[in-house]
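The form predicted alone is given below as one chain in structure tokens.
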């Protein structure tokens, strides 16, 4: 069985925010599109996470990505992983500050790969962007090495391109070269309107000029640039109809609701205390509510 939304897009992945808590305060954070949770808001439980994934698998889900907040603030992530059906592509996106001490246990529990945020190689710039300390910066670098050693590959280093760090792009390219690491440059979703974003078009033009080979991925039509042994992938969601047209994910919020689109909060589906069969029906309902945010020839739907 497979899930298909009204626009003909198959849903094959779940992106689950397992906590809204975080130990950093990044300038650009969009909180996985969640509205601010009131104090005391509940956090999705281990059993609920396992149940929604099992329901998704019965409906054709093949990939699960765990996010936050900072998902490694959940001490039970390894036990969640061990309870999941086999054959899933399991990945994690993390700020990396807690990764070094858990990379091996996460791999042994079944995690396949990680995305690690590292917005600057310069501790002082990292601090301004993330609110983290010099020690946090060191921990992220150690976490990347630990993830590679634990076999959580390919490790992707996520860099949100900002005015603060756009002059470091080529240093980042050198950083990933020969490490078994992919550099992922991400266009800023600037909900704040503060003009934080760097000149992404200029940077991509430079990548194109220096690349030995360029490949376009099916997912979101992302372009990958291969430059003298370094692999760089670009993620451009802004006003990108292909980004939405190729979306295959359904999101789950940190308080246990199905979220059909990152950029909308008017069509959430509460999982509540549903059993496995009812959870499947709710997933089907959320799939039916999916609509591309960026549509060709019209204003964004809301």
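All figures in this text were calculated on a predicted structure; none of them were measured in a lab. Numbering follows the first chain given and starts at 1.
We do not show the form predicted together with a small molecule, though everything after this point is about it.
Looking at 89 to 97, 200 to 208, 75 to 83, 171 to 179, which stretch has residues with any non-hydrogen atom within 4.5 Å of the small molecule in the predicted complex?
Contact criterion met by 89 to 97 only.
Sort through 121, 189, 148, 142 and report the residue having a heavy atom within 4.5 Å of the small molecule in the predicted complex.
Only one listed residue qualifies here, and that residue is 189.
Go through 58, 233, 43, 32 and name the one with a heavy atom inside 4.5 Å of the small molecule in the predicted complex.
So the residue touching the small molecule in the predicted complex, by this definition, is 32.
May I ask you to check whether residue 70 falls inside a 4.5 Å heavy atom distance of the small molecule in the predicted complex?
Yes, residue 70 lies within 4.5 Å of the small molecule in the predicted complex.
Even though the partner isn't displayed, in the predicted complex is residue 15 close enough to the small molecule, meaning a heavy atom within 4.5 Å?
Within the cut-off, so yes.
Contact between residue 160 and the small molecule in the predicted complex at 4.5 Å, heavy atoms?
The answer is yes: residue 160 has a heavy atom within 4.5 Å of the small molecule.
How about residue 117: is it within 4.5 Å of the small molecule in the predicted complex, going by heavy atoms?
Yes, contact at 4.5 Å.
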